[in-house]
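Below, in structure tokens: the form predicted alone, a single chain.
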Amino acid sequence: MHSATSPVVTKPSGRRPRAPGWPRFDALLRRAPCDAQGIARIAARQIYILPTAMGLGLGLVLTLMLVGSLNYQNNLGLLFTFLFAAVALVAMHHTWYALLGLRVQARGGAPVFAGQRASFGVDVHNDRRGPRGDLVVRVGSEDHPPVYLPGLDLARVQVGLPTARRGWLALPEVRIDTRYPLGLFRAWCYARTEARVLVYPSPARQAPELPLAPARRLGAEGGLGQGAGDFVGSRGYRPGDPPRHLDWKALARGRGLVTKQFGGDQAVEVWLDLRQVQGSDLEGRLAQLCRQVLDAAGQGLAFGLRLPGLEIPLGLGEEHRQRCLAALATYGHG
């Protein structure tokens, strides 16, 4: 992992540099905007259409048929030429019409760790009574199987993006293609989305030992304070755990040996502080904190998190774990 002060060396690409004042062709394409609910509706001027290789081949064949029929004054040849041309024009209209009026909405999936694939759900709504066939949702360069969309129905397609760094990963747009009904033309459109997925830091393989400290619940003379007998959670069985603390009901359900934890068992607490993590690279220090959060949660310990400008109090459970990981993911990103 490079530090923030490491020089970045770029290799010459061998391509001619683009003039500074020239806009990119991709920026000139029209995209369907999102409304307040995050839904994009495909309008007529936002659909692009071009002939496929099969369509170009058919056009060449029709041109040869037209020239030959005119040269030999073959009325039957002219009839078939114009008939096939009419079929191609109707197919072009249906290809364009298959995208008109579609409503597209994308939603972000569950948080992931950096290096894993982020999942998004793309809903395609059909407000017409007629079906729409051969709809392909594309994200980046990835293709997904075609979707058949019945009338007055919706289809949900799961798409994914690779992740490389922590923070919010946005899905700025999706592309929908179709070659329905004959494959002679390909129509496509772009729909903007507001979906995003939270990416946690990639946990380090190794991290310093957890900074264990006596729990503040212990009295001044070492006795247990108020709430010592309260149930605070469960954890996996460890050799030496008293049998009276085993959760026999969980064993009967097939969950294995689980030990109940009470207030009196919680004799330590853990404070994870970014300022106490060694290292000059911020991302490396956050990766170590991420590993410590996972270790503390896995051991069933009460832990808190301290970051510059933010302190998450002591807590337990999956919700507390996700809150701490989210704080690490968004730290320094505003």
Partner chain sequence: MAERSPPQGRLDPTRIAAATLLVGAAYLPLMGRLSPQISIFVGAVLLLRLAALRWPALTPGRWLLLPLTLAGLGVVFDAYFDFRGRDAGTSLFVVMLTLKTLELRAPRDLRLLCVLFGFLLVSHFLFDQSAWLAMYLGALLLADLALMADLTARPDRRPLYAALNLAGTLTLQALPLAIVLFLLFPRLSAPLWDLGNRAQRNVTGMGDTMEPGSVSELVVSGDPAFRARFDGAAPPQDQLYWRGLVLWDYDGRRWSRPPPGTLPEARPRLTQTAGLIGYELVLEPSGKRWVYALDLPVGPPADATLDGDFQIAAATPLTRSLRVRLVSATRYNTGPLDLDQEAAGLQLPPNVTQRMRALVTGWQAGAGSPRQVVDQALAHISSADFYYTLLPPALGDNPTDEFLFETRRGFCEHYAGAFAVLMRIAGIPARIVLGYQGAELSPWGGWYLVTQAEAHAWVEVWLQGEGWVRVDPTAAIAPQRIDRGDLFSRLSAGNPFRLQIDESGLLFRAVHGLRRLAAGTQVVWQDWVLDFSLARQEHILAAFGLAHLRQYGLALALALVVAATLVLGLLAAAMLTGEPREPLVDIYRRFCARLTRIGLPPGPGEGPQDYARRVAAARPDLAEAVAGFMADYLPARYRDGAGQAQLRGLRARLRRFRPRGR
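From a predicted model like this one, the values you see are computed outputs, not experimental measurements. So that the term is clear: the rigid core is the largest set of C-alpha atoms that superpose within 1.5 Å between two forms. Positions refer to the first chain, counted from 1.
The same protein also exists as the form predicted together with its partner chain; that form is not shown, yet it is the one meant from here on.
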| property | result |
| --- | --- |
| Stretch in contact in the predicted bound form with its partner chain, which is absent here, among 111 to 119, 126 to 134, 158 to 166, 194 to 202 (heavy atoms within 4.5 Å) | 126 to 134 |
| Among the candidates Leu246, Ala170, Leu100, Leu210, the residue which, in the predicted bound form, approaches its partner chain to within 4.5 Å (heavy atoms) | Leu100 |
| Single option in Val104, Leu184, Val139, Val258 placed near its partner chain in the predicted bound form, where near means a heavy atom within 4.5 Å | Leu184 |
| Interface membership of Ser69, its partner chain in the predicted bound form, 4.5 Å heavy atom rule | yes |
| Interface membership of Pro308, its partner chain in the predicted bound form, 4.5 Å heavy atom rule | no |
| Heavy atom of Gln206 within 4.5 Å of its partner chain in the predicted bound form | no |
| Exercise: Tyr190 in contact with its partner chain in the predicted bound form, heavy atom 4.5 Å | no |
| Within 73 to 98, the residues that have a heavy atom no more than 4.5 Å from its partner chain in the predicted bound form | Gln73, Asn74, Asn75, Leu76, Gly77, Leu78, Leu79, Phe80, Thr81, Phe82, Leu83, Phe84, Ala86, Val87, Leu89, Val90, Ala91, Met92, His93, His94, Trp96, Tyr97 |
| Core-aligned C-alpha movement of Gly304 between this form and the one not shown, 2 Å or more | no |
| Rigid core superposed: Gly68 CA moves 2 Å or more between this form and the one not shown | yes |
